[in-house]
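Only one chain is included here, represented as structure tokens and corresponding to the form predicted alone.
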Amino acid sequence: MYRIGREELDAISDVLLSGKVFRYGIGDACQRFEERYGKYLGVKHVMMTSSGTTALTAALIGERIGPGDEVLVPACTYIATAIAVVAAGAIPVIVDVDASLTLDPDAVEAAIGPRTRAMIPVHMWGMVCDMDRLMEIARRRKLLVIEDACQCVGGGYKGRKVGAIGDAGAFSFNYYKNMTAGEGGACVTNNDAAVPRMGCMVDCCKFYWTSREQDESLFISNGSRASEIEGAVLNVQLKRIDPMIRTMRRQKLRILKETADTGLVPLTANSLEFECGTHVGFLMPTIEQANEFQRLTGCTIAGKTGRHVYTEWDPIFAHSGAPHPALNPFKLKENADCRMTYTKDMCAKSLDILNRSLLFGTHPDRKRADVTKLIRTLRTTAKAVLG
């Protein structure tokens, strides 16, 4: 949570005191945010959800991903990316990342099989995927692209907002994100035909509050409706996001510029001028040097975050896809020909990159003197570790 204050509290108070805390036909905070966020992203349809996970699930189901389908997911992402695929009834196939810590286009090309229907590029730690190459592969190989922009709210790729480049996208607004309502998410698309199915995943009883006219949308789901309180907070947060991103991006660019002569090798940037800038990353020559750099600076090693590395996805390795075997996508006959053998060394290239990757966070409220201090630390430590 970067910035939150009196304006958000006042917005929450307005909702509560109005008594209009249910969105359909009563409140307007969620609808107002969806309309404003759609304009911000340049996308036709936005649906608020309870989380980034449910947003990604709704996006997949809106595009009719399901049993019999494989979906390519990166080896570096929160487990929710793979969980959403299983929740849709499909099977995740884990694919290497490159030195940008995002989906490797060459690995995607090599991983496509007869059952592959979609890929999920994940814009990790505020850094963006190589969307030009991934979209070219998708067009040529007839794959859907579902963007996971949960860690890149406000970020862009060559002038376009991430999440709005592929066929559908998903965002998270939980406590750790740079635009937050504590919890929450949103799924987005330009595909009119996907909207009824997305809407039913978000609220399986939506027809009660709107209409029964779209019969195709009537199927059972758990639902993941957002609250008017979240909508109220996000309407304020949306005003904050761009100035914060610009500040963090400036910090990152300054750090990279003033450490350029140290021997530190920056992580690959696919769109440095438009990404979030929430993290500055360097790729060390060896794992041992990365560990020493962490010991001296307290930085994060990407491979040691646990939940963001595929080797820690216990339910996926265990094929525990549902609370009952009859509902488990890993056991469905439709998925019998899908690739679902996972081993801890299957993406050894990714593990090597992740365990050599250092991450330093930026912050919109960080003083210039503090950035100067970090740069000094980086220069001193680089000299000690790299020689």
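These numbers were taken from a predicted model, which means no experiment stands behind them. When you see a residue number, it is the position in the sequence shown, counting from 1.
Just so it is clear, the following notes concern the form predicted together with a small molecule, a form of the same protein that is not shown.
Contact check for N291, S350 and I353: none of the three has a heavy atom within 4.5 Å of the small molecule in the predicted complex. Within 4.5 Å of some heavy atom of the small molecule in the predicted complex lies at least one heavy atom of L56. Using a 4.5 angstroms limit between non-hydrogen atoms, P329 is distant from the small molecule in the predicted complex. The closest non-hydrogen atom of T362 lies beyond 4.5 Å of the small molecule in the predicted complex. Mapping the unseen interface onto this chain, G62 falls outside it, with no heavy atom inside 4.5 Å of the small molecule in the predicted complex. With the partner left out here, the small molecule still marks one of 237 to 245, 221 to 229, 167 to 175, 96 to 104 in the predicted complex; by a 4.5 Å heavy atom cut-off that stretch is 167 to 175. Proximity to the small molecule in the predicted complex, defined as a heavy atom within 4.5 Å, holds among V162, I91, V280, C150 only for C150. Of the residues given (A181, A80, M198, V188), A80 alone sits with a heavy atom within 4.5 Å of the small molecule in the predicted complex.
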